[in-house]
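Below sits a lone chain in structure tokens, taken as the form predicted alone.
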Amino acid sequence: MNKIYNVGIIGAGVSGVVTALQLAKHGIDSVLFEQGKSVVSGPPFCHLHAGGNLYPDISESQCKLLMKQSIEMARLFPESIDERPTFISVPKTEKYEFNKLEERLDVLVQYYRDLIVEDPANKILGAPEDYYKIYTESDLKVLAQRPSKKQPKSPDEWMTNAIKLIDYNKLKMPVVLVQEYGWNLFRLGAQAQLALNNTPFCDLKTSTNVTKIKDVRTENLDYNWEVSTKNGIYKVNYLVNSSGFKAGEFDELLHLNNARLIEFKAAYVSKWQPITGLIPELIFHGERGTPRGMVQLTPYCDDYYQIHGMTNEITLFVNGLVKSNTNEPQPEFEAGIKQKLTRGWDYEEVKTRTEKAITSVTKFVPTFKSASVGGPPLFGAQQIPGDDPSLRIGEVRFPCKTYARSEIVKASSALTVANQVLNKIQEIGIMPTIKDSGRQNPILESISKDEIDVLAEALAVQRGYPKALSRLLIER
């Protein structure tokens, strides 16, 4: 390979593709390596996290940063955002108190106002005063008597549909409806892949494993790194490690060590009976890792629902969280988890875990007992930099002058990482300083909704999921 690329990116997950797209926006060429057949294939995400309300224990500063980053990503990929709200509640069995959640919601409302003052285009979650609405028990009793709406428009209509199904006697009062939207990974992946294939500034190499990286910075060449694959050696000036939970493998090749955790998780696809009207995402808080771990029910089209249950029998796994040791930067999962990541799941385990997930929902939504297995799990592993498993914000590190390691924990951090890499490349002189050209990316904007619809459906089917998971509940 005689061509010298300005940037080489390992891994076309959400961080890798957003970095490549931001570089292409400014005319900076890159080569992007992905071992899978398509981009953004894991770990799965389903929720925008515009405020971090699924995490009652994280800091206020993390919640605000999640909101800011989520808004930025939603503006970049609007066709992947499902504009339906989220129902948040605390079961009577739990230690959490609603007043603590309410205090944080008020902080987020003010922060959202500040973001809109900074840039009016940040107003993607509706009016700040409508970011959340609280419902008392008496409010719920009134709403339960109202007719359902097939396509709810107002918070009260969304809550009416939901409360007819929920056993709210098991919940502390009040409960809340928040403008935390859904986020469709198939649609984001489709738009990103179409855009990358359209731009001359990115050479996307899918079905391509990186086998070796050679540091040639001291050899007085016109480039700094040689990236080897089965098909050849690629010369790059700047290297970005966006390989997610496998980031340590490439650190090891470069004789770098960085403390990290990696965690394997799964969500389960279920099919339920048709109901009268759309419902919001449902969250029933609970202590993570205990038998009462949080239950999350995410609605999709055609009566499909995704379930998270934050227990070791459902979403989490015994030995599913592992850490690096002093001499090996890449943590290793046990054989059973490795098999899931490389060769797939045993059907009996899919059935057993999905049925346990369904049972966890029926504690709060009794009629959900009629749900059945709707497809294979959505699963994957994620990195957590450092040694704090509760961390939800990770960005980027620069271990040496021409090497960056993406350390995102949530998909919403991807644009932040991309812009930090862009700034570093300018700082060290690989490219000239560029003028601010706005927050949008014309390469992404050139992709039509119809193109996204077609490829998103194809990606879902290719990966073995119902095609309904590629569509939005709320058509844009």
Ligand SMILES: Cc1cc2nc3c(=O)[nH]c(=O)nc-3n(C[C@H](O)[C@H](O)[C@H](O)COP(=O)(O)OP(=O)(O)OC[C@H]3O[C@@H](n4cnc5c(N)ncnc54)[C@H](O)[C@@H]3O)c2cc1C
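Please read these numbers as outputs of a predicted model, since none were measured by experiment. Numbering starts at 1 and follows the sequence shown.
Omitted here: the form predicted together with the ligand. The next part is about that form.
Participant: Looking at heavy atoms inside 4.5 Å, which stretch does the ligand contact in the model of the complex, given the options 426-434, 57-65, 407-415, 443-451?
Facilitator: Only one stretch qualifies here: 407-415.
Participant: So which of 93, 339, 367, 209 gets a non-hydrogen atom within 4.5 Å of the ligand in the model of the complex?
Facilitator: Looking at 93, 339, 367, 209 one by one, just 209 meets the 4.5 Å heavy-atom criterion.
Participant: Just give me the single entry in 382, 160, 199, 270 that has a non-hydrogen atom within 4.5 angstroms of the ligand in the model of the complex.
Facilitator: The option sitting close enough to the partner is 382.
Participant: Indicate whether residue 266 is a 4.5 Å heavy atom neighbour of the ligand in the model of the complex.
Facilitator: Within the cut-off, so yes.
Participant: Find out whether any non-hydrogen atom of residue 308 is located within 4.5 angstroms of the ligand in the model of the complex, and reply yes or no.
Facilitator: Yes, residue 308 sits close enough to the ligand in the model of the complex that at least one of its heavy atoms falls within 4.5 Å.
Participant: Test of understanding: in the model of the complex, would residue 243 fall inside 4.5 Å of the ligand by heavy atoms?
Facilitator: Answer yes; at least one heavy atom of residue 243 falls within 4.5 Å of the ligand in the model of the complex.
Participant: Any chance residue 456 has a heavy atom within 4.5 Å of the ligand in the model of the complex?
Facilitator: Looking in the model of the complex, residue contacts with the ligand do not include residue 456, since no heavy atom lies within 4.5 Å.
Participant: In the model of the complex, which residues of 164-191 put a heavy atom within 4.5 Å of the ligand?
Facilitator: Sequence-ordered list has one entry, 183.
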